[in-house]
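Just one chain is shown here, as structure tokens, and it is the form predicted alone.
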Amino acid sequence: MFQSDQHKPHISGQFNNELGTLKNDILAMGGLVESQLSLALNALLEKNTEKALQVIKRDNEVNALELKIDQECARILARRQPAASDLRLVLAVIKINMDLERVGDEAAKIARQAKVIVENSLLDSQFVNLRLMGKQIIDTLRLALDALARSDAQLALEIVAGDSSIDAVYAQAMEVVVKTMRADESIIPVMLNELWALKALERIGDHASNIGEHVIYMVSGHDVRHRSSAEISNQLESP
């Protein structure tokens, strides 16, 4: 559950319970999509069809939990009409829920690439760049979820500031993939699957950065979308 002094027990015990359930469910959603991403990457790197199928089948669980959280948020907004920090919490959860569902979609895409590679015996690449970027993205998503769980705006800022680093790694990896395809046309089919998986990871990095921005809004009330990390830092430091 979130560890924040900003969300103190509400006068209404029932409302406080509803907020607690909402917090627990969004963290469960985060844990589920993180697990999906890790399993999808393992499926691709290990060329494991069974793991790929597990990810694809569990995508329905991600979608169902997304709907459940959306419904909880809608009920709270309609029945409780929250204000101040409670309202920011609900609004942030709505946006984070959307980003997490999209992370789940990208994980399923990676799993489908793994399935295609195995089924077509495209086993020539060791996916060196994919391994490196995959680890970075998983670590970034985990930190974003930690920032959410702890209501930690400073940690969330680190996630937002690190998005440019992910973009740089992605650009370098894509350059290597393109050079490899130009040098050896026979490996183009498998490298195309790696290219699509890299793109999925880059998008997940964007969603992790979005989660960081939503956490900052939830904690501080500042809408920091489309702002540089330096501008965000100045906002957080201002009274």
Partner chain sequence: MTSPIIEIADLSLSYGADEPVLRNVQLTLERESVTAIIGASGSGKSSLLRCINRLVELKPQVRITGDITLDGQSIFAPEIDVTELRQRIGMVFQKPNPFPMSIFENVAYGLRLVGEKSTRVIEQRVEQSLRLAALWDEVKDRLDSQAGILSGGQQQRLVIARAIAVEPEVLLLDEPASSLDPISTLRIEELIYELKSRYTIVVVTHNMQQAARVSDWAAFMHQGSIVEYDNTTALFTNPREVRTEDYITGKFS
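Residue numbers count along the first chain shown, from 1. The model shown is predicted, which means the values in this text are computed figures rather than measured ones.
The form predicted in complex with its partner chain is left out here; the points below concern that form.
Visitor: Given that its partner chain is not shown alongside this chain, does R88 nevertheless sit within 4.5 Å of it in the predicted bound form, heavy atom to heavy atom?
Guide: R88 lies outside the contact set for its partner chain.
Visitor: Is S12 close to its partner chain in the predicted bound form, meaning a heavy atom pair under 4.5 Å apart or at it?
Guide: Within the cut-off, so yes.
Visitor: May I ask you to check whether R80 falls inside a 4.5 Å heavy atom distance of its partner chain in the predicted bound form?
Guide: Contact with its partner chain, yes.
Visitor: Using a 4.5 Å heavy atom cut-off, state whether A74 contacts its partner chain in the predicted bound form.
Guide: Residue-level check for A74: yes, a contact with its partner chain.
Visitor: Within 4.5 angstroms, counting heavy atoms, which one of the listed stretches 155-163, 127-135, 80-88, 104-112 is next to its partner chain in the predicted bound form?
Guide: Careful reading of the contacts points to 80-88.
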